[in-house]
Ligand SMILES: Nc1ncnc2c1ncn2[C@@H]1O[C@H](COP(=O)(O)OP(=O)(O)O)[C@@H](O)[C@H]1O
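Here's a solo chain for you in structure tokens, the form predicted on its own.
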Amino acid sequence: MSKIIAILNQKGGAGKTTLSTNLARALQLDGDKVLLVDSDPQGSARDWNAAANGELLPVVGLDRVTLAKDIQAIQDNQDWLIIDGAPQIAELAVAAIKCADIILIPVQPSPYDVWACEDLVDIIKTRQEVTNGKPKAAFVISRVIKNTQLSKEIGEALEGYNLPVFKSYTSQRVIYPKSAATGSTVLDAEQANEAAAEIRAIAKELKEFINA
């Protein structure tokens, strides 16, 4: 049975697709079978995949409220399903939460982004109350600007939601959008060692989080 990871944030521009594509690639490079599910009607992950002619990762589009049932039909023979969530569509977020084992919430180091997480966290906690704490959920801070006090403060602010905050994160680096433009990832780009290390650290922490 595959592990289902939903990457969700109802605020646009939080870095969901960047985290989804790079994390999926990291897990694939670890030797696992990974399927990336694009549940955003805008199809950002599908556009990313098309830029490389679909040669890097298998990507499917499932952007209907029947997502939980559709996932059941395709999860066999996969080690991981990574769901790139849709912004601003509560029904799709609920559908992803219902079928996920783990929810990762990417959030930028901005107070506005922290405040915008409230509705999603409420939905997750409502689900957890009736399912013995499942799915597990955690924040991943994205687009951190190194050596700034704000990033540290945002981590502390997120703790007010009573969900774990990953120690690993992504930084504000040109290589992330540059690699995405060609349907690639930072793990495949030359001279992207620091960005690749960030993604590998998130993948490692994800596996530890699942097994905790």
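The first residue of the sequence shown is number 1, and the count goes up from there. Worth saying up front: this structure is predicted, and the values here are computed from it rather than measured.
Although not depicted, the form predicted together with the named molecule is the subject of the following passage.
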property: Per-stretch contact check against the named molecule in the model of the complex, the hit in 24 to 32, 46 to 54, 154 to 162, 170 to 178 (non-hydrogen atom, 4.5 angstroms); result: 170 to 178
property: The named molecule contact at residue 200 in the model of the complex, heavy atom, 4.5 Å; result: no
property: The named molecule in the model of the complex - contacting residues of 1 to 19, heavy atom within 4.5 Å; result: 11, 12, 13, 14, 15, 16, 17, 18
